[in-house]
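Only one chain comes next, encoded as structure tokens, the form predicted alone.
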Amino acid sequence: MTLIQSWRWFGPNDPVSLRDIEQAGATDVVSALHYIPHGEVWPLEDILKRKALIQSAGLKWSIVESVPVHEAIKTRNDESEYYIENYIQTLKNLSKAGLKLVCYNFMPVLDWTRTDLSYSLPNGAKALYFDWSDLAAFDHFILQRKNAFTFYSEEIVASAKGRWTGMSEARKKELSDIVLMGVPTEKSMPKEDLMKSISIYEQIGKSGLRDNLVYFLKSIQQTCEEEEITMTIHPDDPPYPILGLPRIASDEEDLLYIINKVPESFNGICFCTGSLGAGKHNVLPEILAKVGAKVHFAHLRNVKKNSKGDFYEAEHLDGDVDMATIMEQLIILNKNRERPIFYRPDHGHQILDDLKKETNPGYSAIGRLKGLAELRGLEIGLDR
């Protein structure tokens, strides 16, 4: 049994078509109904319509990424039970449609965070970039969070002040838009709402957010077990607390806590090499060796970090992540499974004709096609 190569598709409005995915060599699709507001039930009719559309292109919808967890659940406020019931109904509808593998995250408020969506590489390609100085500048000067600079090193504070002084108004707006952006195709968050959420999470803290995740998993456990659904939590991206928001899926200790606290088989991990790889504290082969039995889905991408912890998304086989070792571990894990492990080329550079096109950040076609080709070649070579 081989690993299953998949591809993320944002639906009919995605600039990358299903035909493009088929030509890239993927067999399975990772998708979600992004047009449905967070917390609302996904109607079975809508799920079946998306599934039929994917199947009509000769592909298979195998992974749901993601069914967003509403903020009411993450903060466990008075509305949390309502949204948990909605989540359970969505899971039941997915199961009726034959969809049994769900990827989700428990990151407070914001999804993955970057500060530059078109960082130019020496060869002319463009990549996603995270710069701590830019984030600190946003935090202090745009968000105006109280005592924001106390959360950063002196080196980063000095750099942020200099960066802000020389920053154009256009770049200031761009930086704000990028940090406040949610998942591509979804709406961004007003900074006033972000500040309210930061205040709430200051009271919850890391331990409280951990408790809320466990409560959520326990609440959906019976449904997942009855419907044979596997949940896979995506690591925090980047794997550090940002803007005063806690993180609970950033390293080996976090992931072990999650799977030990809820050890039942429905509770799994999406192993994202880019998210975990952005952490200077993370040694990915060691983490995968510890949590591999719970990994059902993998996002494979690479990053290159500097001494401050800034990073850009590198080529899939050329970065700080030892992708050959990770792939070898996944192959070995997969051979001992009844169900195969899925992976997708996560993100990709804008290269060639995609440089002239408007694409979802990180999800251009040709860069991911290159990544998938490299990963498939690596897998075949190591397996043989």
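Values in this document were obtained by computation on a predicted structure and should not be read as measured data. Residue numbers run from 1 along the displayed sequence.
What comes next is about the form predicted in complex with a small molecule, which does not appear here.
For the options Tyr201, Phe138, Trp112, Phe216, the one in contact with the small molecule in the model of the complex, meaning a heavy atom within 4.5 Å, is Trp112.
Distance criterion of 4.5 Å from any heavy atom to the small molecule in the model of the complex singles out Tyr104 from the list Trp164, Tyr104, Tyr240, Tyr257. The small molecule in the model of the complex is not approached by Glu315, whose heavy atoms all lie more than 4.5 angstroms from it. Contact check for Gln329: no non-hydrogen atom falls within 4.5 Å of the small molecule in the model of the complex. Of the heavy atoms in Tyr363, some are within 4.5 Å of the small molecule in the model of the complex.
At a distance threshold of 4.5 angstroms between non-hydrogen atoms, His299 is in contact with the small molecule in the model of the complex. Considering the small molecule in the model of the complex, the lone stretch of 37-45, 321-329, 343-351, 52-60 in range is 343-351 [heavy atom distance within 4.5 Å].
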